[in-house]
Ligand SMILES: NC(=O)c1ccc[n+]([C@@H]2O[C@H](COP(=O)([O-])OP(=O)(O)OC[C@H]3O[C@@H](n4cnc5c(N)ncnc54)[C@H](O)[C@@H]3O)[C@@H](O)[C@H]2O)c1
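The chain that follows stands alone, in the form predicted alone, written as structure tokens.
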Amino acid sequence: MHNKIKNSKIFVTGGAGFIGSYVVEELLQHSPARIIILDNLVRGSLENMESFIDHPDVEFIHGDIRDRALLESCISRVDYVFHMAALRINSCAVNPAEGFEVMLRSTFDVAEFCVKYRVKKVIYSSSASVYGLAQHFPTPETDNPYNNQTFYGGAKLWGEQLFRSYKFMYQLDYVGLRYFNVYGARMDTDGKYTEVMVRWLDCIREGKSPLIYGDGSTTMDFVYVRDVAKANIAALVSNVTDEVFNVGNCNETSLRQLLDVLLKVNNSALVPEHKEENSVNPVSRRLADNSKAKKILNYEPSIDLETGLEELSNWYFSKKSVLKTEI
């Protein structure tokens, strides 16, 4: 099944990032000839790559995907590409011009060079943000994307359409993966949808009442990062092309439920404090339908929320402990 990876050369944009670093770890289990990582270390870090930075088959390049010559040099040497580099959703909103350069122009360059150098397959990291507030719950891939209101979601959808058109025009094989709410060790600590976990972990560590804005009824579909990495591998090794797949955990969890589980795994008796919501969230629900990925990619998530939050907590408190010792 993994013969595509064995002895292959693979390029990972954003491979020092949260999800990217787990994808690299998964790839290394299947004996590739070479993994080339390009990352500017704005979201990624050397710490994320600690388990493989010295691996003889890994080549890390500290650079930016907006450097076209560098990007072309990397793609010219590989069989497969994982395109994972991206800005945060809130960064795109703050600076749409940079969002255009990173999310659209550079994705176009990736597609162009993949055609030029006859890359065998591209795995493109998309997002459930393309749905906005979905029409159906659980949400299938057939839901329309017209309720999305974010630059980030629009850019991710454009990337999907770009690769689809390049499949039609140039026979470039690809698979797109729409991630739901990814969390876990190494995660961004200031992401729009995941920062609430970090704020609550800080409260638990400091013995302060965690805050819930509004009634806590907003829901998300939290999928653990190692499950997301496995979905990427499944997409590569399959013979499927010209398809997009949801990658979620298929469980709808409210913020209140999330806090309850987080308090439980940390043996905390803290009582939350409710405050009036200070912003309008246009996306009040998330719930993935993974049945397509299960049927076609033979992919199913395996890590439940309690296990994932326990692993996240251990990582975060360990990280804070190290920082405190260094200070």
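Since this is a predicted model, take the numbers as computed values, not measurements. The first residue of the sequence shown is number 1, and the count goes up from there.
Only in words, not in the display: the form predicted together with the ligand, which the text now covers.
| Would G63 show up as a contact with the ligand in the model of the complex if we use heavy atoms at 4.5 Å? | The answer is yes: G63 has a heavy atom within 4.5 Å of the ligand.
| field | 4.5 Å heavy atom contact, L27 and the ligand in the model of the complex | value | No, L27 stays farther than 4.5 Å from the ligand in the model of the complex.
| Partner contact for Y179 in the model of the complex: the ligand, 4.5 angstroms, heavy atom | Because a heavy atom of Y179 falls inside 4.5 Å of the ligand in the model of the complex, the answer is yes.
| query | Do Y152 and the ligand share at least one heavy atom pair within 4.5 Å in the model of the complex? | reply | Because a heavy atom of Y152 falls inside 4.5 Å of the ligand in the model of the complex, the answer is yes.
| field | Contact stretch among 131-139, 208-216, 250-258, 179-187 - heavy atom within 4.5 Å of the ligand in the model of the complex | value | Looking at the partner contacts, the answer comes out as 179-187.
| query | So which bits of 255-270 sit within 4.5 Å of the ligand in the model of the complex, heavy atoms only? | reply | Result: empty, none.
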